[in-house]
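First comes one chain, alone, set out as structure tokens in the form predicted alone.
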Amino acid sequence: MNPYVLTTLILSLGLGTTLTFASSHWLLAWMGLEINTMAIIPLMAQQHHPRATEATTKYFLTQATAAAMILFASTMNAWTMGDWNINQISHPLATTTVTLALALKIGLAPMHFWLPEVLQGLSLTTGLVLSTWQKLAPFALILQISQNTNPALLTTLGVMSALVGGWGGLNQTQLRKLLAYSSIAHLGWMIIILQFMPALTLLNLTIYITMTSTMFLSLKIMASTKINSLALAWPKTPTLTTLIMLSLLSLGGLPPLTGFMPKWLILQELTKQDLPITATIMAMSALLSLFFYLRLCYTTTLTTFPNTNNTTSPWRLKSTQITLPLTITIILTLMLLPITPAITTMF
């Protein structure tokens, strides 16, 4: 892609998200979301491959539907209540429609069907942008309207997303689809706590972006898109393979690692809010997700993919170096748990 075009598209991505962050008017927020969508579509389709084109088309249709729902709901709210302010949306039907539209935009269950298919058709770099940056603008709107949203709707979306994210990833062999279901499960954890502690949702989103960035950047260095390619990773980069295994366990939420922190705090808050059944379902759904993370760890470290002895050793082909952004995200993914009290005080 032409460097000038690429720069324009990346700047447009930043502009769209910033515009949505800064707006208090529904039309401006909608405009930011549209700029965001229009900017990433050429990046998704730049491979000129049928799978990439298919993924781009699915993404465009989904996002256009969600944007139309947002515009319809905000217009209906302005028509009935006379207010375009994002914080002041009060009509019950408009609030529910906007919430469902934003859930469709970020891929919450039961509006999640597009996310694994789209992510599977993209390169790892574009998939990273889709899984992290593209979630920021809709989340800013969800945070602003969360106090006016029906609590039962948020709870239902959160529990369904956690369960679907766990069940859906069990029978996958493609790493990008696994990361898509992982994204759905993590979004469920963020939404379930939104009505009680929005700051905890922000903390969870920050940690999720850090852990997902670690996985995408690591897989990009190793050029791995399937589970069986991870079995050949040890001869190439033993250090990075070990770090990937620990990052997977952090994504699953095992205690000594950073990923345990948001799950721990969310379960604690749900218990304080006298919702033991909801907390139990969320904890059990985390076990489903942990199962396929452990399967990936097992494949990465304890198995050798069958190959003949006369093949060229993978480590002879090219040297791989761990870059500075990956180093920072790995450290954050693995080592933040001891400073949990300081982070919770800050948030």
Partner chain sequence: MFYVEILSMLLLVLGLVAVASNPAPYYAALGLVLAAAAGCCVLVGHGGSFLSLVLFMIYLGGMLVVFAYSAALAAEPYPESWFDLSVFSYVVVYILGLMVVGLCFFEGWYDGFWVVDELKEFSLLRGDFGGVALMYSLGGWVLVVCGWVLLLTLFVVLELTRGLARGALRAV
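Positions refer to the first chain, counted from 1. It should be emphasised that the depicted structure is a prediction, and the values quoted were computed from it without experimental measurement.
Note that the form predicted in complex with the partner chain isn't included here; everything after this is about it.
Margin query: Using a 4.5 Å heavy atom cut-off, which residue among 283, 290, 41, 322 comes into contact with the partner chain in the predicted bound form?
Written below: It is 41 that has a heavy atom within 4.5 Å of the partner.
Next item on the list: Indicate whether residue 342 is a 4.5 Å heavy atom neighbour of the partner chain in the predicted bound form.
Entry: No, no contact at 4.5 Å.
Check: Using heavy atoms and a 4.5 Å limit, would one call residue 19 a contact residue for the partner chain in the predicted bound form?
Finding: Answer yes; at least one heavy atom of residue 19 falls within 4.5 Å of the partner chain in the predicted bound form.
Notebook entry, point to check: Should residue 346 be classed as touching the partner chain in the predicted bound form when contacts are defined as heavy atoms within 4.5 Å?
Noted result: Contact check for residue 346: no, nothing within 4.5 Å of the partner chain in the predicted bound form.
Check: Would residue 15 count as a contact of the partner chain in the predicted bound form, using a 4.5 angstroms cut-off between non-hydrogen atoms?
Finding: Residue 15: contacts the partner chain in the predicted bound form.
Notebook entry, point to check: With the partner left out here, if you bring back the partner chain in the predicted bound form, are 5, 45 and 79 all within 4.5 Å of it by some heavy atom?
Noted result: Yes, the whole candidate spot contacts the partner chain.
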